[in-house]
Structures are given as structure tokens and as C-alpha cells.
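Presented as C-alpha cells, the chain that follows is alone, the form predicted alone.
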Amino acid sequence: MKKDANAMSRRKFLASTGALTGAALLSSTPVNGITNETANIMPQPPAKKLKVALVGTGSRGNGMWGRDLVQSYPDYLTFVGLCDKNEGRVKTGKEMIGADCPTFTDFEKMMRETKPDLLIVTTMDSTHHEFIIKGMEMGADVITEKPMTTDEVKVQAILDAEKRTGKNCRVTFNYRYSPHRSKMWELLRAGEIGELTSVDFHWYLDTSHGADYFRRWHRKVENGGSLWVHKASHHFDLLNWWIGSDPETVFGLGDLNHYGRNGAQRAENCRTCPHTGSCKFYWDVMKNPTYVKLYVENEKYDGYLRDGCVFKNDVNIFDKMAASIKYKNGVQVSYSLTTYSPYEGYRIAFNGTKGRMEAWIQESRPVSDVNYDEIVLFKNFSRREYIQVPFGTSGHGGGDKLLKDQIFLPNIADPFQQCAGVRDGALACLVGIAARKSIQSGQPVNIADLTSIKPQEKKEYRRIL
């Protein structure tokens, strides 16, 4: 950031004050009704535990929605069934999760025999709708990983099923729960930059995490809806939540310039590749004991290779994307996603009638060893302010534990309106779906033309209990 005559440099400011200006450290701010001082005090357990079933025992299902729940909420829930199409992986998943329950490869059989109160869906994105809909039809409320689904037809089917069954589906947008992002939501609601008019939002995936999307099933649009949906739905949900309005029109651009067909050498997967000595993207899955046990040892059941080549010719998703998004309340957004950056993170700037709010977050290879994320607040005709938000203590910027606490612990408040239902899940997907369609047609796409959802000027909020 450049210095100017009216503002101290960041380094000089922090050195001279040792504190922040403008807003208090978030550590003293209640988050979802829990302050740091009371976060370890668990509410009284219910008389009857929640019966939970999980479909999809890959790494996300086993970890965040399996083992973590068993270890953190044993007095509040119990697993009654685990399901995966891969018979070896579901048995391995049971061991990794530490659950004392039966395993299934037949989803409906699991639902009939275990009768869960809650179904957690962590399967391949393109199959989410099948389990969400059938789960609600068979009597369970549902929690689904993002993205909720991958195209507008499936979105509509989920909307119709929730209305028809009277059950609830919650989408786990853990990025909303990061204290740093919550603070930005809070500052926007407080009017610190006046009326919001536009947003510049640019996300960078590095050559480790970003490349991994091209090794796995995500590399095919038919599996994950492309990164417009699988990854960017996270970002579009943040925008929808921060802006407080619904997206109305999307114009998208995208191409495949780095991975897939662009590689000079390729193979089926890294373990069988003759170019391991020269390929910078060589990745040895055998060095990860968890992945060996979960994926390599269970390839024989379905042929899924966790270490696929990032340059395979079947890659049909984009690796660079950009979109212009117009919201119903008039806010304009410039968004981009790059998947081969030297570092991982994002830059965002909110422009308002009274100022501007910025953040530059480097999630990998940070430039310093500070233990906080920073927000810079510029007010017209005034000096800039630096707001430091301490790092969260769980995954995804501290959001994971806060999200799960709100779901599984009783009477947790929602002051930042972070709870996300099917409408939120649908709109996050629909921005990416619209961008995909815009690239195909070369024309802007109206969100209202995709499903029965009609964009609202003020975002609808509904707490799911």
C-alpha cells in the first residue's frame, strides 16, 4: 500500500500505537453469542441426542463432519449411519471418524433402518441434490456442504422438495463465520463507509491447493459444476451476505490457460508418471498416510485416483475466471478467480459514499508473522484506520468451529445473520451457473430467468433452528 501525506504507513502506524483504531479487537466482541471468555463453557446437553447420518465419507465428510463432531459434541449427537458408494472407503471412514454405527452403500436402506433426525451430505457436488431431496422426503432435516448443487434444474428441485416436505436444508458456508469476515459485515452494517456502491473481489488459488482441484474429480464440469460453482459459490455467498441484496445480472468470462491441455507432458496419475523428475506439479500421495488409507487402498472399488494428473486432457473446467455482477440494490461487483497464483488468498475492496474498506488476506506464504488479519478503513476527508482481527482457532479462518457450534449447540445467537438456508445456497450457486451460461452465450444472464427465485433488493433472512 502506498504512503501519502495524510496517512501514516502501516508499519509506522503499528509500531507507534501497538493497537488498532476505529474498532475494538474482535476478541472482545461476541460472536454468535459466545465471547472468547465463555467459548469453552458448553450449554446444557439435551435430554435426547440428535441422531445423525452421513453420506459421503471422503476427507471432508470424515474430518469436519465426522471425527470433529464425534470428538466435540458427544453429549449432543450420535451417529446412526454412514454411507458411501465405495464399500472400502465407508469402512475406512468409520474407523477414521470413530463412530459406533453401521455402514451402508445403499442410501435409502440407511435412511429406512436408522431414521436419522439429521442427514449430512458431503458427496460429489453433482449428486448433492439426490441425497438432499431423498433425505427430506424420508423425514430428515439436511445439512449439505457447499455448493448446494451444480445447475439450475437441480436448484429448483431442491427448492421444491423443501417446500413440499416441510423439512429444512442448511448450507454450510463456513466462510461467513470467520471473525475477519464477520467484522467486515459488521462495519458495513454500521455504515462506516456510507452507502455501499461497488465491490472489487479477487481470489487467488496457489499452485498447491489450486492445482489440487485439477487432480481430483473437480476437474470435470459434470462433477462439480466447474470452479464457478464448486469454489466460487463460497465467494458469491460472501458477497450476497456482505451486500445484503440479491444478485440480479451476471456477465462472465473464462478460459483454460494453464492446466489440462496446456501441459507439455502428462500421464494418468502421478504414481505412474514418467515425468516425476521434471514436473513441478508432481505430488506424491504415498507420503500422506490418511490419503493412502482412504483413497489409494480403495481404488479397486471404483477406480478413483486421488493423484490424477493436472494436465489430463479430460480437464474441462476453467482455470481463470472473471465476472461482473449487478445486484438488485444497484451495487456492482468486479470478481475474478485465478487458480495458479504463487500464493493463496484474496483482495477485496468495498466502495461507499463515505469511504472505502480494504483487506488483503494471504492464506499461504504470508508476508509477516503477525497473528491477526487486518482491515483498512478509509473515510473521505479523514485519515485511514487499521483494524486488527485476531486469527481464528479453527479451520477456514476460524469459521469452522463457530459454524458447528451454532448448528449443534442449543440457544446460540446469530447476530451476524450467518445461518444459510436453501435460498442462500441457491443464489450462491446461481451466480456461478449464470457466469457459465454467459460464457457460452456471450451475453449477460438474468438470475430471475434460471429458477423461481426472484431477486430482492434487501436480502431475505431466515434462521434455521
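None of the values given here were measured: they were computed from a predicted structure. For every residue, the number given is its place in the sequence shown, counted from 1.
Form predicted in complex with a small molecule: not shown, discussed below.
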If the cut-off is 4.5 angstroms on heavy atoms, which of these, 328, 170, 146, 129, is the one near the small molecule in the predicted bound form? 146
Sort through 79, 311, 318, 295 and report the residue having a heavy atom within 4.5 Å of the small molecule in the predicted bound form. 295
Counting only heavy atoms and a 4.5 Å cutoff, which of 85-93, 376-384, 347-355, 176-184 contacts the small molecule in the predicted bound form? 85-93
Examine residue 430 and determine whether its closest non-hydrogen atom to the small molecule in the predicted bound form is within 4.5 angstroms. no
Decide whether residue 55 counts as a contact residue for the small molecule in the predicted bound form under a heavy atom distance cut-off of 4.5 Å. yes
Partner contact for residue 114 in the predicted bound form: the small molecule, 4.5 angstroms, heavy atom: no
Exercise: residue 123 in contact with the small molecule in the predicted bound form, heavy atom 4.5 Å: yes
